[in-house]
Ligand code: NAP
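Take a look at this single chain in structure tokens; it is the form predicted alone.
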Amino acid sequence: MKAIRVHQFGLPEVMKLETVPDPHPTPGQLLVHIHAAGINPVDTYIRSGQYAAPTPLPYTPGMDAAGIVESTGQRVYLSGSLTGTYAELALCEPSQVHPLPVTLTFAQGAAINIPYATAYRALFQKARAVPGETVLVHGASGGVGIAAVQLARAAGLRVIGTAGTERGLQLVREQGAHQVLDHRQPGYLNGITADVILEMLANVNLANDLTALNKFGRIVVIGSRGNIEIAPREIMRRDATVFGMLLFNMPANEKAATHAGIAEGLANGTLRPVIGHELPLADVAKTHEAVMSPGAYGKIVLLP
């Protein structure tokens, strides 16, 4: 089969398209023919060697994908795999395989796992958002942001979303945000208050987030690329809570609950992954550059 292999950590160019032996499932494992693989920022951290938990070399990147189970012909999306998803085939545990409705394309299926599970966990398992509250979603035009907007609207929250391009702002409006802010504009949070803030770039925004938070508000830090100085008194006087979140820390029971909630949203049409770019495996380096660039618009997927 064709697969992307990483033999050394470094820039995107270390990812090579190679021909490798087909994986063979042992009892209890499933073999999935991959039709689309999702690209996530965490993939770039692992590839560059910056991820906290070292990955043994060589390896095939990727955690998100959609395809068909070889033994049953079932359409599925994946929440991880045993062998990596930037490939034509992947071995999976049964718990990593979830039904993909026929109303969704395989590319959309590859956009489900990390974006929607991250948004679901942040909103409902960390912040415990409830109907009627206001949620501010930073970077709402990206994969996690779109998921958060859709999940929050379906749950009865008032949604404020930010983006940094005209195309992205329009996308956030189309996903149902009640208010859209251009984070390129100075003071774009002036006059904004929220009960819950989902923060994708804490090293830039966290200090200002604290001043936009209502009393007893919650901030969930989903992403950060550096350090920031904050005023702890802003947390104190609001009786606020700042949560850190790493999806891979999620216990098995909460993971099962998350994917059950996502499955219902996919089935009833309230959750609709948006695809921004589709590229072949040979262009994998371009996808890693794009996913870390400003101006996010939907999900980036590879097509094996």
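Please read all numbers here as calculations on a predicted model, not as lab measurements. Numbering starts at 1 and runs along the sequence shown.
Here the subject shifts to the form predicted in complex with the ligand, a form of this protein not shown in this document.
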Residue contact check: Q170 to the ligand in the predicted complex, 4.5 Å heavy atom: no
Taking the ligand as it sits in the predicted complex, is G145 near enough to touch it, meaning that at least one heavy atom pair lies within 4.5 angstroms? yes
Would you classify Q150 as touching the ligand in the predicted complex, given a 4.5 Å non-hydrogen atom cut-off? no
is_contact(H138, the ligand) in the predicted complex, heavy atom dist at most 4.5 Å: yes
State the residue from H178, R128, K215, R184 whose non-hydrogen atoms include one within 4.5 Å of the ligand in the predicted complex. R184
Consider the chain as shown here, without its partner, and state which of P280, P25, G10, P294 has a heavy atom within 4.5 Å of the ligand in the predicted complex. P294
Hey, with the ligand in the predicted complex, do Q108, A155 and T258 all fall inside the 4.5 Å heavy atom range? no
The chain here is shown without the ligand. Which stretch in 52 to 60, 28 to 36, 241 to 249, 272 to 280 comes within 4.5 angstroms of it in the predicted complex, by heavy atom distance? 241 to 249
What residues in 201 to 216 sit within 4.5 Å of the ligand in the predicted complex, counting heavy atoms only? L201, V204, N205
